[in-house]
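Starting off, we have a lone chain in the form predicted on its own, written out as structure tokens.
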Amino acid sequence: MYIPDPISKLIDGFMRLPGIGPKTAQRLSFYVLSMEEEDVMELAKALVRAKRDLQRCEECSNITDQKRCRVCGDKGRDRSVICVVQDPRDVIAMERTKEYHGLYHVLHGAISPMEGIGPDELSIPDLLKRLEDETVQELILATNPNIEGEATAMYLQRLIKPFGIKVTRIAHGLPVGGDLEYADEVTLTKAMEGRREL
């Protein structure tokens, strides 16, 4: 089937995005064609602006449009606690809870030898530099509860121990509203390990 080159390139562009297969890319491409030209231009400008104007925060490595992100610039945050996360999206998720009031550090990935990602590819040196400040008393490791996230947390724990800083790990286990019968063995094991006295 013949597809005009501009549409074909648009489909290919959408397919570069994670989770977008050929059918979804085709559907999105034809949807863009049905949009008003002004809306398409706004979308294109937003994409270019996000790519050009965003940078890493000089303190925590989160994405920001300034030298320091909003969290690092907030004088009301608890500077004695740093929550280490894998991805900028994790900061957004933590902030949605409105329960955490400390600082963050974004690693931009996790250790994964299978994908060729070692500690040198993450923002670990920047984290270590931040720990030289005696204000930091606790480091919360909030990496994902998978093999890569666990490996990264263990690596960081060993690396940070000499600093004399308290290192904690977020709890893992059953989601609120979940049923025991549907939980896998690893989740149930983590839930048992993380139990606490009432």
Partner chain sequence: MLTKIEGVVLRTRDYGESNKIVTIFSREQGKFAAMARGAKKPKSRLGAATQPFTLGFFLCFSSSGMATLSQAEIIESNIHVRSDLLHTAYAAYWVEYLDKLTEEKVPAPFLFDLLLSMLNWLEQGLDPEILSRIFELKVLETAGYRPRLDGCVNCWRTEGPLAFSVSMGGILCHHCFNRDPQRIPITPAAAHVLKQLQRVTPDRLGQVNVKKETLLILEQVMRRFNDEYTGLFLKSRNFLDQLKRDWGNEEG
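Positions refer to the first chain, counted from 1. Values in this document were obtained by computation on a predicted structure and should not be read as measured data. Rigid core (definition): largest C-alpha set, two forms, superposition within 1.5 Å.
The same protein also has a form predicted in complex with its partner chain, omitted here; what follows describes it.
Of the residues given (I117, M94, V81, C72), I117 alone sits with a heavy atom within 4.5 Å of its partner chain in the predicted complex. This chain appears without its partner; in the predicted complex, the one residue of I170, V32, A151, L131 with a heavy atom within 4.5 Å of its partner chain is A151. Stretch-level contact analysis of 59-67, 23-31, 139-147, 43-51 against its partner chain in the predicted complex, using heavy atoms and a 4.5 Å limit, identifies 139-147. Residue contact with its partner chain in the predicted complex: I111 places a heavy atom within 4.5 Å of it.
Though the partner is left out of this view, F163 does not reach within 4.5 Å of its partner chain in the predicted complex, counting heavy atoms only. Within 4.5 Å of some heavy atom of its partner chain in the predicted complex lies at least one heavy atom of D184.
Counting a residue when any of its non-hydrogen atoms is within 4.5 Å of its partner chain in the predicted complex, there are no hits in 9-39. When two forms of a protein are overlaid on their rigid core, residues whose CA moves 2 Å or more are considered shifted, and I20 is one of them between this form and the one not shown.
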